[in-house]
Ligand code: COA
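Coming up is one lone chain in structure tokens, specifically the form predicted on its own.
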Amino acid sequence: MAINWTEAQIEEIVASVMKSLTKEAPATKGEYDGAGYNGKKYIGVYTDMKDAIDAAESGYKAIRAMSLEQREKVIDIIRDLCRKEASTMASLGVSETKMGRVDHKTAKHMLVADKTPGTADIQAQVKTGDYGLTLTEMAPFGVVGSITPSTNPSETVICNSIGMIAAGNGVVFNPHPNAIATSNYAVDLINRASQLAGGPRVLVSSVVKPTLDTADIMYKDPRIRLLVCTGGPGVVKSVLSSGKKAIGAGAGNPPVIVDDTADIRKAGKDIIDGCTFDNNLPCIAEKEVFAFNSVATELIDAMKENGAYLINSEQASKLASIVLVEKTNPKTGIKSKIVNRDCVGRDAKVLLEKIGITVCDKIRCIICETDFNHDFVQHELMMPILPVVRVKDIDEAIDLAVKAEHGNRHTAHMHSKNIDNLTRFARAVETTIFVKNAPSYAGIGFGGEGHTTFTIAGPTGEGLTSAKSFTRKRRCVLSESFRII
């Protein structure tokens, strides 16, 4: 049974272990000897992926030897360090990636610490009958290989680590190359928590220079029994093509419908709050709005009252030419538009300056009226830019919203008091997350019920992952015995 440690108990554990540590445990084979953030040496970061997998395998053996109570002790200290160092990781993330907002990233770390499930998520099942007793338990896979993104780097590492450790797995990370320092800071935090709880020096591992080659080594190593990928379509596809059990959390392009029964003032505020959370980096965030023509003007006014700046069609075209760039496929010669990485996760004020518009710091979102075919509707920008498309009725709204979501089945939103409209859209869009009358972040437990995760596995069906997602079922049968009724 899981134990909920109090903060006082955790502080006592930390103090006791720190007092007993007269010197730092020696580094393991291949561990990187250079400095990380602020000159601090990271624990569990290796120069070679094979050494990192060796360390993760040792971590798995250590976890397997732990009781559930010991695992939960490690997890409680991870939570405690995550809360204490949330602002540090948030600042490091913004500084390294140039994306997002420190205050929102701090909030995301607090959310991870408070609402990521631990060992309580691992529940055994028992069935008895005329032929005896059958026990089904949730067992670890072994060593998990995890690909993490630049949008939520430390949040994903910590969230995944809590779930994977709770499930009894070892973990090796191959972080996004644009968020190495931030991701590996989180790896170091997990390992510090392990030591403070009396666990091994290295419980999870990573590499100092993650590349496609290190990822390939990870995919092919026979000791890796499960691959978990949180990222863009390309990297998710490569993981799903590995031939191994894989959990893929891919891209989304979440639409919002606002019908004529909605509380328009509240909808305007909720949509802007969700769209601008961490400058629209979360894949669940509102990306395009389909508003009934009868309420669209009022909705736009409500958005403007809550920090949105309305640009005209000419300005929207100019901005689109900056935030989206044309790329030619060298093999096929086909041209396509891709997101300008230098604009992802930037403040609305910064993006407006690129088209010669100066605004105050209160402006946090750029809105514009467009048609359905506009690039802002069709591309997942991950920027605080929100197109509004007018529609005549619920039939048109659902038709266009489903098309704009592009079959990702990730997340969708709706503001309405009409239960029939809400039901029709939910059934038509088939997304993993469907948020009604709230900002998008309610879908991951921030101002909404339910647990938190930053690995939302739509393509492979696990949904909002938690500890049990990283387990496999094992059955033990005792035939014709131990049924006592």
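The structure displayed is predicted, hence computed values, not measured ones. Residue indices: 1-based, along the sequence shown.
The same protein has a further form, the form predicted in complex with the named molecule, not shown here; the description that follows concerns it.
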### Query
Considering the named molecule in the predicted bound form, which of 256, 167, 365, 382 comes within 4.5 Å of it through any heavy atom?
382
### Summary
Note: exactly one of 205, 152, 279, 160 sits with a heavy atom within 4.5 Å of the named molecule in the predicted bound form, namely 152
### Message
Against the named molecule in the predicted bound form, would residue 110 count as a contact residue? Criterion: heavy atoms within 4.5 Å.
### Response
no
### Residue contact check: residue 234 to the named molecule in the predicted bound form, 4.5 Å heavy atom
yes
### Query
Does the named molecule get within 4.5 angstroms of any non-hydrogen atom of residue 359 in the predicted bound form?
no
### Query
Do residue 212 and the named molecule share at least one heavy atom pair within 4.5 Å in the predicted bound form?
yes
### Message
So if I measure heavy atom distances to the named molecule in the predicted bound form, which of the stretches 291-299, 69-77, 140-148, 188-196 falls within 4.5 Å?
### Response
140-148
### Query
Judged by heavy atom distances of 4.5 Å or less, which residues of 450-485 approach the named molecule in the predicted bound form?
454, 456
